[in-house]
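Same protein, same chain, two forms; see structure 1 and structure 2 below, as C-alpha cells.
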Structure 1
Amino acid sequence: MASRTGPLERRKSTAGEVAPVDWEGRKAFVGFTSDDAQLLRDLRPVAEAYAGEVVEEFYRRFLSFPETRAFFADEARLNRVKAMQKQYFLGLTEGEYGEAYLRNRLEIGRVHQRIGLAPRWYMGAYSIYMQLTFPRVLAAFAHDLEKGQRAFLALLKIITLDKELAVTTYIAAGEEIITRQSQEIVEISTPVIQVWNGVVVAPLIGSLDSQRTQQFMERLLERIVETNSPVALVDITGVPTIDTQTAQHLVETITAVRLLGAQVVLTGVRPAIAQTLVHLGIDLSGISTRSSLAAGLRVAFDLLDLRVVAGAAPGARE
C-alpha cells in the first residue's frame, strides 16, 4: 500500500530505526493486505464503542502490579496516559497504515524505552490488549462469523506488526545509547592537550583500531590548527602492545601531522616496543623518538629554541 505522505523512498525514516520501504516489506511478510486494512476500517465503529471500556480494563490490570503501577505517580499522569492509550487503540482501526502510522508507532516505542518500561511489561501489555479486544470483535460480528474471523486475523496482524516495531525501536534506542557512550569513552581516551605555547601532547591509552585512529588523527590535526602549534608529542606510554596495524596507524598519523608543517616527537617508546617495531619492519627514520614524555618535551623546547630556567621557590627567602 502507498503511504499517505507520498512515494516510498529507500532512506531511513526520521525515527531512525525502520525505513518506510522496510515497513512495507514487514507488512507483506505477515500477509497484511489492503483487504485487511478495509476490514479494520469496518471495525472502527466497534472500536469507538468499546475504546473507553477496553482502556479502563487495560489499566485495571496494569495497576494491579507494583512494578507497573510505579509508572503512574499521580492521577493526572494516569489520565493523560489513558487518553493517549485510547488514541492508540482507535489508531488500530484507522484504515491507513503507511508512513504516518509507522512514525507514530516508532515514537510510542521510543517513549516506552525512555521511561524504562521493561520489555516483559511492554510485550505483556499487547497480550492484555488481545485478550480484551478479540472477544469483542467476534461478538460484534456474531451475525457474520466468517467476516468476524477475517477481522480477527486482520487485527492480529496489525498488533503483531506493532509488537515487532516496539521491539525494533527498543533495541535501536538501546544501541544508540551504547554507541554514544562508546564515542564518549573514545573521546576521553584520546585527549589532545596544549602543554606549552606551540606544543601539544596527545597521549594514547589502550590499543588502536581503524575507527579510533581516525578519530585520534582528526582531533590531533584540529588541535594543531587551533593552537597553531609547530610541535606535537604523541605519547604511547599507555599502549600495551604494538602490532603491524597499530604501527601503520601511527605512521599515517605522523605523516598527516607533517603535511600541516608540524613536527612530531614520538614518546613512550619502551625497549620492548622498539624491538617490536624493528621486527615488524616499520620505518621510523626521520621521526624523533624518546623513551619518556619528559624527554620528548625537552626535544620540543629545543625545536622551538626555548630554555627553562630554574627560579627560586615561591616564598623562599633571598
Structure 2
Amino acid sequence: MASRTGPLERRKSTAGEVAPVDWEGRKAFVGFTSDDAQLLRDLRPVAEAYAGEVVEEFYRRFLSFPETRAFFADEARLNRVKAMQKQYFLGLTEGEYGEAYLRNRLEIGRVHQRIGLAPRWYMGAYSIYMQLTFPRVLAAFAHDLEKGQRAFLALLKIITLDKELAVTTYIAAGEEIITRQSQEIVEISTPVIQVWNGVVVAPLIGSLDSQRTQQFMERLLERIVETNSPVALVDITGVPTIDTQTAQHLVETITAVRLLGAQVVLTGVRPAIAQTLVHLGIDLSGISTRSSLAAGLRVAFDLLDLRVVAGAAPGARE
C-alpha cells in the first residue's frame, strides 16, 4: 500500500445507499496530490477550448452503437445530456477535489446506474475520453511536453478516481439487491408441519447459513414444544449441497432438539449428500439418517411404538 499523504477521513454516506468512501485514502493510493490538482487547474483553459468538440465526438461514438444510442430517444434529451456531459468534462479540471467533488461524482454514478447503463459502456466512455483528450493536451503543451505529460497523468488519476466512484455506486446498488433478496429468502418461512400426533416434519430448502440456521432452529424447537412432539423429521432433500458449515449447523440443531427431549431423524440424504458427508469426515453416527422422508416416517413410527397396518377399517373402503 502507498503511504497516505492526507489524513484518513471517514465520510458520511453522501449518495444515498453508498457506504462512506475513504476519499482522501483513495486519492493517496492513486497518488493524486495537490500538484495534480494544480496541473488540472492549469488545464482548465485547454479543457474549455476543447470541451465542445470532445463532447460532440464523444456522442458520435455513443450514437454509433445501438445499445448506447437507445439511451437518447430524442434530440432534446441528447442536447440536455450533452450539456451535462460538458459540465462533467469541465468538472475534471475544476481544481477543487474535495467533499463536493466526491458527492457530485457519486451522484453521477448513481444516475447512470439507475438508468441502467451497463458498466461496460460507462467504463468504455472513459477510454473514449482519454483518446480524445490525450492528443489535445499534448498539443496544448507542445512547448513544454514534460509538463504536458504530467498534466495528462493528473487527468488520468482523476479519471481513475471517477471510475472507482462509478464502480462503487454500481457495486453498492448490486449489494443492496443482494441484501434485500437474502432478507426475502430468510423471511420465506421454513415450515414445520405436524404430520402425526408426536411427529413434526421440517423440510429444508436451499443452503443453510448461520442466520437461517438460527431461525430454523428456533422455529423447529418452538413447534416441537408447541405440539409436544418427541420426533422431528428434518428433510434435506431440498438442500443442494452440504459443506462443513452447513453440517455443523445441522448437528447444532439436532443437539438442541435432543436437549428438549425430542429426537431428530435426518431424511433426504441423497447419494451425493452421503458421499459429501463421508468425504468431509462429518460424524453423524449418533443421528438417525434415512434417504427418504417415507423411511424417516417409518423410523418415527417405530420410535413412537406405532404400527401401520394395512386392513379394512370399517367405512374406509370405497
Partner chain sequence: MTGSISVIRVGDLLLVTVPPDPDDPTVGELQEGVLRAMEQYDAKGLVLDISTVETLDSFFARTIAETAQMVGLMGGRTVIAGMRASVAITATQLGLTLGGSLTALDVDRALRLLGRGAQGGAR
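Please note that residue numbering is based on structure 1, beginning with 1 at the start of its sequence. Every value quoted in this text rests on a predicted model; they were computed, and no experiment measured them. Superpose the two forms; the largest set of C-alphas matching within 1.5 Å is the rigid core.
Item to check | Identity of the form predicted alone among structures 1 and 2 | outcome: Answer to the question: structure 1 is the form predicted alone, whereas structure 2 comes from elsewhere.
Checklist entry - After a core superposition, would you say P230 shifts its C-alpha by at least 2 Å between structures 1 and 2? => result Yes, the C-alpha position differs by at least 2 Å between structures 1 and 2.
Checklist entry - Taking the rigid core as reference, does the Cα of T289 move 2 Å or more between structures 1 and 2? => result It does, since the T289 C-alpha is displaced 2 Å or more between structures 1 and 2 after the core fit.
Checklist entry - After superposition on the rigid core, does the Cα atom of E96 shift by at least 2 Å between structures 1 and 2? => result No, shifts by less than 2 Å.
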